[in-house]
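Below sits a lone chain in structure tokens, taken as the form predicted on its own.
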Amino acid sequence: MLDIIDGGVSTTVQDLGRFGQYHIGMPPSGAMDSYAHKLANYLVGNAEDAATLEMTYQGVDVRFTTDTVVALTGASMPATLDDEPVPMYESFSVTAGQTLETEFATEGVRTYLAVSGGIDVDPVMGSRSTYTLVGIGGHEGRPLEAGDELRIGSDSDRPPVGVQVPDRYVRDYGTRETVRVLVGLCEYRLTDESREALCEAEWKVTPEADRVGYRLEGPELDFVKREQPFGAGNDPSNVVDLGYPIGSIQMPKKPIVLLQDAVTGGGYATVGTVISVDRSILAQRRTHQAVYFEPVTVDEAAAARDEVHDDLHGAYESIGH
């Protein structure tokens, strides 16, 4: 078991998401930085879709009631085990009665705590991910609080400790400002000048940035004048309702990038989509940090996805699986 002493700012149980329910308005949820989530699971011998704790800006303080192996990945977040510093991107052992304490993240936003055997909450619709907007999944459908107790899954084949992720597979969250986007579906609603500004401007992450979406601050964009079509609202950014891809850039004058817990459709124009492998990068950008959109083709997006898959495979092999 894990006894939560302090839940931190916002810590939730997440796996890789709840798929196959989009048509009923259920977003996938799941780890915001799936790359770091998978590395954490590799280090402790779990399948990559095992549930971890996603800790945002400040993590948990937790007491372990059983011997196990754990790992921390993602945003740099100093941590101690019984007051002794512990490494990130390296598996380490914990004995029953020890306490892990985490501090504020110094670079990046989200840190993942994986435990050998995984966090064993009951699945909902095939996933253990927490979706707080409707209160399902994870632990009682909400962020963790002091006094919560979490089961740990079976780890009969306990992994070795001291295993590290090679540096070449560890991301630098402090320097990567650019995320790649596929421009569309409704970019035709922007004026030519605003379409260019979308991918040339510096955007900054506002405090309104969470698992639902990242609202960005920057120049105000203009829409082509038009006669309001039947079924659309009267705001210049409105269109007839459509489905929103995860990562889509919704445009109520300024961008909101819709993420893992976002609504699945609506009537705002979506002028582009952050490619899947760069959503992990965006999820680690901190409030007031800059973000730039780089337009790419579908083939370039697919190639980027292959590169990340190759990196994950390389990390998995390096760890000794």
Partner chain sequence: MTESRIRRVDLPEPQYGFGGDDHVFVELDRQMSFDANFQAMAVTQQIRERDLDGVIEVCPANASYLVRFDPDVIPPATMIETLREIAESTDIEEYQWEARIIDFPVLYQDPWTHETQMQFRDRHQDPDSTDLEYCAKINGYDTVEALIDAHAGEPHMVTMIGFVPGLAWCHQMVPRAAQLEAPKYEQPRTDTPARAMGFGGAFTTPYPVQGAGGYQLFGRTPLEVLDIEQALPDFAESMVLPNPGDIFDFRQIDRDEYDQIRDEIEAGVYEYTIETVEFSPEAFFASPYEYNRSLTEALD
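Residue numbers count along the first chain shown, from 1. What you see is a predicted model, and the numbers here were worked out from it, not measured in a lab.
Missing here is the form predicted together with the partner chain; even so, the following discussion is about that form.
Q: Which of these residues, 146, 133, 199, 96, gets a heavy atom within 4.5 Å of the partner chain in the model of the complex?
A: Exactly one residue meets the criterion: 133.
Q: Could you spot which one of 241, 177, 122, 193 gets a heavy atom to within 4.5 Å of the partner chain in the model of the complex?
A: None of the others qualify; the residue that does is 241.
Q: So which stretch, 109 to 117, 74 to 82, 165 to 173, 180 to 188, is the one near the partner chain in the model of the complex (non-hydrogen atoms, 4.5 Å)?
A: Result for this chain: 180 to 188.
Q: Even though the partner chain is not shown here, does residue 298 get within 4.5 Å of it in the model of the complex, heavy atoms only?
A: Residue-level check for residue 298: yes, a contact with the partner chain.
Q: Taking heavy atoms and a 4.5 Å cut-off, does residue 276 contact the partner chain in the model of the complex?
A: Yes - in the model of the complex, heavy atoms of residue 276 and the partner chain come within 4.5 Å of each other.
Q: With a cut-off of 4.5 Å between heavy atoms, is residue 246 one of the residues that contacts the partner chain in the model of the complex?
A: Flag for residue 246 set to yes.
Q: Could you confirm whether residue 290 comes within 4.5 Å of the partner chain in the model of the complex, counting heavy atoms only?
A: No, residue 290 stays farther than 4.5 Å from the partner chain in the model of the complex.
Q: If you look in the model of the complex, which residues in 17 to 51 sit within 4.5 Å of the partner chain (heavy atoms)?
A: Residues within 4.5 Å: 18, 19, 20, 21, 22, 23, 24, 25, 26, 28.
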